[in-house]
Structures are given as structure tokens and as C-alpha cells.
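This document opens with one chain alone, in C-alpha cells, the form predicted on its own.
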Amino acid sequence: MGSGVRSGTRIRLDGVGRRYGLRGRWVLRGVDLDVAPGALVRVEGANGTGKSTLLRLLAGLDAPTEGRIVGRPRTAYVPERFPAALPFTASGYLTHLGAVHGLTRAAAARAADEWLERLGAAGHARTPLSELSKGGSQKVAVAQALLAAPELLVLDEAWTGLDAASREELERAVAERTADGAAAVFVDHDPRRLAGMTDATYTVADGALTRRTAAEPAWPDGPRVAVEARGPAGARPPAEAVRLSVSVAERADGAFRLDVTGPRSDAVLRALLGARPPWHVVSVRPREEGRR
């Protein structure tokens, strides 16, 4: 399974600085950042510190004033504000963007329908972008970033304006992409967003980027799913399923129970079913409170 991204696509910032204008102030300076395939990276900082500038550099929308950026994965970007006043319907825009990213028009149209459905916006497929609500526009912005399976997702407050179900779906999509070997870098005002799932957290302050050294929370307190699965005799669950699980326990009958956070449940199931030989999923159910 997977997209094969892990084999080598990465992006690295070496001594990167950015300012606007010859005598403008330095928004960022001396930034070093290495984002490996499969990494999930959170960026924090107060408003106006340069978080969005950093994300635009990663997305290839801005060029560094000094330093260099090495590597250019296929990148998709969700901005804080989506330019909704475009002469397309939601479906037409997504199909066009999918074709720009190299999909056939038929494949792009199928991907557009899939992502609008997943994000709860299928009913607006034929609605002009200019007539969508803020939440509807944001769903289209998220869909355009995901429909061509990018190697690097750059998300700048991408959850803003989404309803609860769509926020959960975006978390699930991020987990799926990183499980498939894509990297994701995100900014979000909610400290609980993807808590316990990130590989690194960086803070932007005074134009500099520093990595948080304090331990991340082990796992979020949100809903979990218990997956019970059985594989070939004597086999352990696939490494990818184990990596994505909170805990893995072998039962007396030889089956395994994997406790998984909600957003990662689909990725764990795909890891189990995509193994060779595939595992048999016995059951999937909400984890009982108090049971470990």
C-alpha cells in the first residue's frame, strides 16, 4: 500500500530569510527546517510573527530573500483565506485544479466528487464559488489540496470556518496522507488539533524558528476506536498499523487489539487490509471508557 513517497521526497530550508522590499524588515531570518516524508509538523507563534510567511515558503509561493530551499515535493496549500470570487462552480474548479496537477479530467472529476462528499459539500458541487458561504468555500479549499494526493500538505489555519464533521474529516485526511508517506506542516489556533500525533512542533518568534524540546502530550483524550484483527499464524501486525496505534495488545486467541485515535482509524484499517497477506479485521468499535 502507500504512495511510495517515503523513499526520498523531502524539503529542507537552509539559513532561509525573508523580507519584503530592499529595506523591509526581516520577517524570518536564519531558518533551518528539515521536513522528511511522512512527518507531521506543527508551527506555533503569535499573530504577525511570520508563521504564514514560513508556510508560503514551504509551499513555493514565496522565494527566500537569503538562504536556500532544497527539494520540491508535489505540494498542496490551503491558505487562511480562500479566494472564493473565481468564475467556477465548486466541482468545475476542483476538476480544473486536478487537471493542472496532472490528473485526467475524468479522474479529476471523480476526485472532486469524492472530496466534496467526504467534506459534506456534495450538495454544493454545482454552486458558483462566489455564492458559497465561508464554510463552503473553505471545504473547496481543503478539497483542492487533497484531490491529487500531494507529497507535502501545507495548511495555514485550514480548519477555520469548517463545521465539526469537516474538521474531523480533515484530521482524518491528514492522518491518511502522512500514513502514505506524505509530509504535512500546519498552523492552527487550537492546541488540541492533531495533539499527540505530531512528530515535531516549532515556534516562530522574533523572526527565528525554534523546535520545542518539551515532550509532546502522549495522545489526545478524544474518542478512540478499538480494532480487533487476525493475521497469519505467528505474525505481528504490520509496522504501519502499529506506528499509527495508541496501543497494541495480543489476545489469548492470537488476535490483536489495536487502540486507535479516531482520525487514524481509516489509515490503520488500510494498513491491515493492504498487508501481504492481508489481515482479517474481526471488529471495529468505539473503545469502552476506562478500558485499556
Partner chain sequence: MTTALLRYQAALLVRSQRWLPPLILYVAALGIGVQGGQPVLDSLGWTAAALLPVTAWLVRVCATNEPAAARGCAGAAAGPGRAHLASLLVALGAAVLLGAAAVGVVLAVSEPAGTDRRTPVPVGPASGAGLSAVLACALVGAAVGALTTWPVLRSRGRAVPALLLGALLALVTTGSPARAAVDALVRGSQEGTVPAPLLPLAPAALFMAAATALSCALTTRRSS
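Predicted model, so just to flag it, every value in this text is computed and none were measured. Positions refer to the first chain, counted from 1.
Unshown form predicted in complex with its partner chain; subsequent notes refer to it.
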(request) Go through 34-42, 60-68, 260-268, 244-252 and give me the stretch that gets within 4.5 Å of its partner chain in the model of the complex, heavy atoms only. (result) 60-68
(request) State yes or no: in the model of the complex, is some non-hydrogen atom of A165 no more than 4.5 angstroms from a non-hydrogen atom of its partner chain? (result) no
(message) Taking its partner chain as it sits in the model of the complex, is L86 near enough to touch it, meaning that at least one heavy atom pair lies within 4.5 angstroms?
(response) yes
(message) Residue-level contact is defined here as any heavy atom of the residue lying within 4.5 Å of its partner chain in the model of the complex; does F82 satisfy this criterion?
(response) yes
(request) Please check if R105 has a heavy atom lying within 4.5 Å of any heavy atom of its partner chain in the model of the complex. (result) yes
(request) Work out which of W115, F186, Y202, Y93 lies within 4.5 Å of its partner chain in the model of the complex, going by heavy atoms. (result) Y93
(request) Scan 17-34 and write down, in order along the chain, each residue with a heavy atom lying within 4.5 Å of its partner chain in the model of the complex. (result) R18, Y20
